[in-house]
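In structure tokens, the next block holds one chain alone, the form predicted on its own.
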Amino acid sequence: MYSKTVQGDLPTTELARWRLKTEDGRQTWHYLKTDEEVAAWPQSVADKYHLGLPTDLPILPTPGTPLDAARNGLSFFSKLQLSEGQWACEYGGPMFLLPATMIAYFVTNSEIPEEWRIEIQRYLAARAHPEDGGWGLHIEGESTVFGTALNYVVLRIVGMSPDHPVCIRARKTLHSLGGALQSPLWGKVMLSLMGCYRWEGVNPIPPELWLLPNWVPFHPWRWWVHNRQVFLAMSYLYSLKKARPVDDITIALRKELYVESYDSIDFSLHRNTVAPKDIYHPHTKALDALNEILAVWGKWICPSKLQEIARNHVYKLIKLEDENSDYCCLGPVNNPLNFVARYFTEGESHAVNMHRETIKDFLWMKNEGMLANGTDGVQCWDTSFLIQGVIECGFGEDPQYRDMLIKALQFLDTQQIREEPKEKDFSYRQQRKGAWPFSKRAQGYTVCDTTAEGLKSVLLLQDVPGMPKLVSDERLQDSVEVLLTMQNANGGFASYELIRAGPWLESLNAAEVFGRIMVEYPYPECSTATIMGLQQFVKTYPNHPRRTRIENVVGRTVQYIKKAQEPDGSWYGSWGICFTYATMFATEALKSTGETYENSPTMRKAVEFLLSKQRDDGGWGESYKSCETGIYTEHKETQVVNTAWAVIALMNAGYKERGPIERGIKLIMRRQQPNGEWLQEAIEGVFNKSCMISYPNYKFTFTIKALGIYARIFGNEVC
């Protein structure tokens, strides 16, 4: 069943036995334990690629033109399309997600399969910091208490001996940072659930906050949805103050995680004890004062009956989150927390079993082992970008891509959300009928830019002669209606919902490791995607009654985007790294309303910024440090994805000087491998300023798009 080969002295499973299954958009990895199963379910090219196994795809003719390179890229990438029409990928990077899932399994006494145990050990060993053996907030970050304590715990849960060299190095680093006592809030909560920390050492997360009138300016319903859903479950668990019963592993971890003797620690004195290396957003005086008030409230003032009412209210919201997402939940933090909340309250139940199952939606296998993705996938998002890249190349009517494009259209057809959530207003949910989610329909969350990119892609494809019309006019209009509800007062668009409170609420940011997490913000990326989708709708239906309103929305959005430009001509990117990413989107929005390098000071500043960052090799390379600091920071290596974004932005701007753009295109072509692929380079994405996340399909979708736009504007040749 398991291979005898090892990584160091760690065993590995046989990678040839892993299969990726897709079922109505749901993507899960399965390990085949018998030869009969292996024979009945052959490994696909996509399986092999994601596992780092040889794909045996052919060497292609050396591309002589940009469109040749685009065809080679599509020749490779098309082989990775799944049977339902989407593209899958690793969506890893954050190093607190695997702990959230495995701690939930541990606390709920769920069986962790042996193949998971083996591959999780391999992954964490592979991703340990090469210098000190710890783990950071994300895979490219420095070691922190948050990352090191929780991933050390995972290694012990899945069976690694404390005397293993990986554990010894990690423990040494953890102790040098001050031990688990220095964990930030989220780490303290997870360790408390395990019985490896005490609830009195956790800053208050009272469920009574949810009983406040909705008009209260800091009511949780006003928070950004990811933060809101995490703290919803945390507040319930904090009020219960339950933990897994103490056993041998708990006793051992209490000794291993701390510099001090566990029994000697007065945890109540350490609610604000956090390692300096962990802190991205320090506590404000307002937050510290509120925490002290809430601590007194919870211990001495709040009636037990009121706590019970608050818990019941919050528990109803937890159940609605489960039911409205088919137990997948918004993401891989609130899913495990809801899982534990349901287990502590109901014991073994249908809900608990559903959570055990949906945790699998977040687990991903690769050559390094098993990790946890940042969502249950990026299916709709990446599929939309692939479609747009093909159209930009002028390949929409090419017979060799027809089947691929029809399958992609079929996938988007099946994954559009077609009903509102249960008790939408009570659960503070955004309108969703007609939206496209980031991942799959069952997850059930509106995201404005994934809706817009899905809308745009469907409209583009259904406009191709001979392409089936799968998504009806009515459903396309539903998508438009969702988007029209999401414009904010300043003209910009946020991510999941309207902005419900101002940035002043960041003064109550209790997460410590993230920035801009308390409320929604307007984003140039989301704003551009939205108006591009709306404009494509008007182009397809020029006499539609919504045309005038859409034109007004577009005008207001463009004004927001112009105001959001940085003094150096760039735009700050909140979802990709970083200034090159957002500048690509912003210039597309300006282009759509007729602004060019020739007639727009805004466009000229953007071009000047981009040209100032081009490297001698013709490319661009931006470090994730840009996201953390808000200052453009060079990566040590040129990055093909940053280069694609930059040349697309220059072409969006109507910059007519061919030379700099051609140099970027030539770098993209040089980086392409003989089989058509581009190799993985640095991490591409970000959220909440401090945490990086992988978008490995960008090296295909945006490179192909850049090649296509170049060929259309400058001709299909390079000097």
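Remember, predicted model here, so these are calculated numbers, not experimental data. Numbers for residues come from their place in the sequence shown, where the first is 1.
As for the form predicted together with a small molecule, it is not shown, yet the points below apply to it.
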Taking 4.5 Å between heavy atoms as the contact cutoff, choose which of H226, R604, H175, H544 touches the small molecule in the model of the complex.
-> H226
Which of F339, W645, W135, F438 has a heavy atom within 4.5 Å of the small molecule in the model of the complex?
-> F438
For the three residues Y91, V230 and C526, verify that every one has a non-hydrogen atom within 4.5 Å of the small molecule in the model of the complex; reply yes or no.
-> yes
Within 4.5 Å of the small molecule in the model of the complex, heavy atom basis, the matching stretch of 148-156, 343-351, 509-517, 202-210 is 509-517
For W18, is any heavy atom within 4.5 Å of the small molecule in the model of the complex, or not?
-> no
Answer with yes or no whether Y581 is in contact with the small molecule in the model of the complex, where contact means some heavy atom within 4.5 Å.
-> yes
Determine whether any heavy atom of V333 comes within 4.5 Å of a heavy atom of the small molecule in the model of the complex, and answer yes or no.
-> yes
Is the gap between N688 and the small molecule in the model of the complex 4.5 Å or less for some heavy atom pair?
-> yes
